[in-house]
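What follows is one chain in structure tokens, specifically the form predicted on its own.
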Amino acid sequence: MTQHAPLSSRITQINGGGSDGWDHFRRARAMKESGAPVIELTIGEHDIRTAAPILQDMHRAAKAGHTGYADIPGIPILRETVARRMAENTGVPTTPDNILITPGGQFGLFAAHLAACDEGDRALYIDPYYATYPGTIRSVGAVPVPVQAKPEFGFQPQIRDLEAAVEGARSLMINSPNNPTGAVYSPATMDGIAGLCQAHDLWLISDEVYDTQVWDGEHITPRALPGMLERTLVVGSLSKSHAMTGSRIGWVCGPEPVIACLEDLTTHSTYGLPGYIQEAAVFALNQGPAFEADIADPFKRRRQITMELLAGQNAVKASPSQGAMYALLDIRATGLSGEDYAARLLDDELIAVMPGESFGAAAAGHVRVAFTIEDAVFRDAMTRLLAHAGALST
């Protein structure tokens, strides 16, 4: 057999020579596909599908013939709609020239880092983190540098820890509301981050895909802070706010010259995305805040269920679940790591959660629970999880 030519180190080292963090999820999914009645509390996938009127509008647009190449930076009406929504929600003047439409928020994160970092640059991100963050940074040739946000501070990043890691960095990525912790960064945290970025001439990449899911506190976009408009790239998406995960509609919002360069990137990579999906995105955004609140409401209810159940026991502790569709549970009283406890829970109770270690060192000894199944089933699963952890902790 002829050996293929060597692959680039960039493509073979996306995961840094280790796991991508999804091994436990794959094991649980394989068990479910083999017929085991596994309850999945793993990924941030809504238990409802995309609303029928949005799909009907997508069908209308496709039948109308909008199936060819669409404008590379996004169709004008969608860029206008996203810009208007951002201006209304944040108070920051935003124009279509500040918006690039991307195939999902994940490509937006990739594009933002490609704009901010040259090969070999240090790119900071907060640990705990969404599992793709370090691989995204490696994919653009930059060096991922995690900075821990510790449980004893409610997973709010501390500026002194960022200062200790900032030397030689070109960018910092944050995510508030945060996946996996549910933390919503406080005004003091955001002001400190803004000051750090200005003092060290950093690009700030702000992943704001959970901006419609805030249960306690206030979502603050760093674009609105003094001195940050010209050094912030915001990544957004309809995946979480409108239950459109499979439609792959996201955006990057930033200074006009950056967006113009990212349009060049799009031309040489994805070449845009389907016009009929973009038209459906316009329809979805025009449903307004009440529609977004309806999409978020099940997660708010299940967060409340979680808090009520946690109050009735003392084996498991929760970080402040202030936003997003998750709770990060401290199971260290069991004497197990997050990975070992998740494996025991899956084997003993057929309940699948994500080990905290999948999201970084700061989440070790925790498991992440997603609020993504029907209320009654969720309540039963959480009750069983807490009883299981309690038995191990006695």
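Bear in mind the structure is a predicted one, so any value in this text is a computation, not a measurement. One-based numbering along the sequence shown.
Below: the form predicted in complex with pyridoxal-5'-phosphate (PLP), not depicted.
Asker: Can you pick out, from 113, 240, 223, 79, the residue that has a heavy atom within 4.5 Å of pyridoxal-5'-phosphate (PLP) in the predicted bound form?
Answerer: Only one option qualifies, and that one is 240.
Asker: Which residue, 148, 189, 106, 139, is the contact with pyridoxal-5'-phosphate (PLP) in the predicted bound form, using a 4.5 Å heavy atom cutoff?
Answerer: After the contact test, the surviving option is 106.
Asker: Go through 164-172, 120-128, 275-283, 231-239 and give me the stretch that gets within 4.5 Å of pyridoxal-5'-phosphate (PLP) in the predicted bound form, heavy atoms only.
Answerer: Answer to the contact question: 231-239.
Asker: According to a 4.5 angstroms non-hydrogen atom cut-off, is residue 322 in contact with pyridoxal-5'-phosphate (PLP) in the predicted bound form?
Answerer: No, residue 322 sits far enough from pyridoxal-5'-phosphate (PLP) in the predicted bound form that none of its heavy atoms falls within 4.5 Å.
Asker: Going by a heavy atom distance of 4.5 Å, is residue 248 a contact of pyridoxal-5'-phosphate (PLP) in the predicted bound form?
Answerer: Heavy-atom contact with pyridoxal-5'-phosphate (PLP) at 4.5 Å: present for residue 248.
Asker: Could you tell me if residue 316 has a non-hydrogen atom within 4.5 Å of pyridoxal-5'-phosphate (PLP) in the predicted bound form?
Answerer: Although pyridoxal-5'-phosphate (PLP) is absent here, residue 316 would stay clear of it in the predicted bound form, with no heavy atoms inside 4.5 Å.
Asker: With heavy atoms only and a cut-off of 4.5 Å, decide whether residue 155 touches pyridoxal-5'-phosphate (PLP) in the predicted bound form.
Answerer: It does not: once pyridoxal-5'-phosphate (PLP) is placed as it appears in the predicted bound form, residue 155 has no heavy atom within 4.5 Å of it.
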